[in-house]
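Take a look at this single chain, the form predicted alone, given in structure tokens.
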Amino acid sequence: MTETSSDNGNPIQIEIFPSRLVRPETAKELLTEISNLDGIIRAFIQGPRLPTQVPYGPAKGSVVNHPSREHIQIGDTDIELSVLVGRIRLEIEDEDVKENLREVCERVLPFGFEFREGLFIQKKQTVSDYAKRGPGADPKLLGLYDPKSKVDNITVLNSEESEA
């Protein structure tokens, strides 16, 4: 059985809130460095969605080629950025990881950022989790579903650890 965040002692939740929206190159560098840290339990990226089509007006339905919609490679996983990175929320194991994470942010985000500790990710199954995944959902994915999303936009990195 997979260890849930609440079974893992007392994990810390961190929110990284950059002073401005992060470009895809910077997001790739930041996410790669974060994924290389040990002790990251789960994370999600939040920001304004990049539309694939014009939603209204005379050009409704036309394809939008936004320059920030890119595929980035993190480890062995290819991810399409469908949002501009506005904030990153993470659940980590302990204070040592927190300091390593802060060092990574100071190195990669020279324009400044807010680094907050609090409760940002649900620890228990929500109605959206139940509706999307049912009663046997993976505990590491709880609270990470977008109830309005029509596509499954969750990517699992370091899957060998999650299968243990």
Partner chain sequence: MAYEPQFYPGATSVAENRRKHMSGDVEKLREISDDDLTTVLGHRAPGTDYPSTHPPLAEMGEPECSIRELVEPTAGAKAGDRVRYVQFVDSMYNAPSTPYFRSYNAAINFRGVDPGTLSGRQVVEARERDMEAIAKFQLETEMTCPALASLRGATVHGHSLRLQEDGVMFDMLERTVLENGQIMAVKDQVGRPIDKKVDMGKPMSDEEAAKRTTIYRVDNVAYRDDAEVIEWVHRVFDQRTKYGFQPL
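Residue numbers count along the first chain shown, from 1. As the structure is a computational prediction, the values presented were derived from the model and not from experiment.
There is another form of the same protein, the form predicted in complex with its partner chain; it is not shown, and what comes next is about it.
Of T32, T26, N100, S128, which residue is found within 4.5 angstroms of its partner chain in the predicted bound form when only non-hydrogen atoms are counted? Selected option: T26.
Contact test in the predicted bound form: G86 vs its partner chain, heavy atoms, 4.5 Å: Flag for G86 set to yes.
Even though its partner chain is not shown here, does L21 get within 4.5 Å of it in the predicted bound form, heavy atoms only? Yes, L21 lies within 4.5 Å of its partner chain in the predicted bound form.
Evaluate L119 for contact with its partner chain in the predicted bound form, applying a 4.5 angstroms cut-off between non-hydrogen atoms, and reply yes or no. The answer is no: L119 has no heavy atom within 4.5 Å of its partner chain.
Indicate whether A137 is a 4.5 Å heavy atom neighbour of its partner chain in the predicted bound form. Contact with its partner chain, no.
Counting only non-hydrogen atoms, which stretch in 49 to 57, 119 to 127, 91 to 99, 32 to 40 is within 4.5 Å of its partner chain in the predicted bound form? Selected stretch: 49 to 57.
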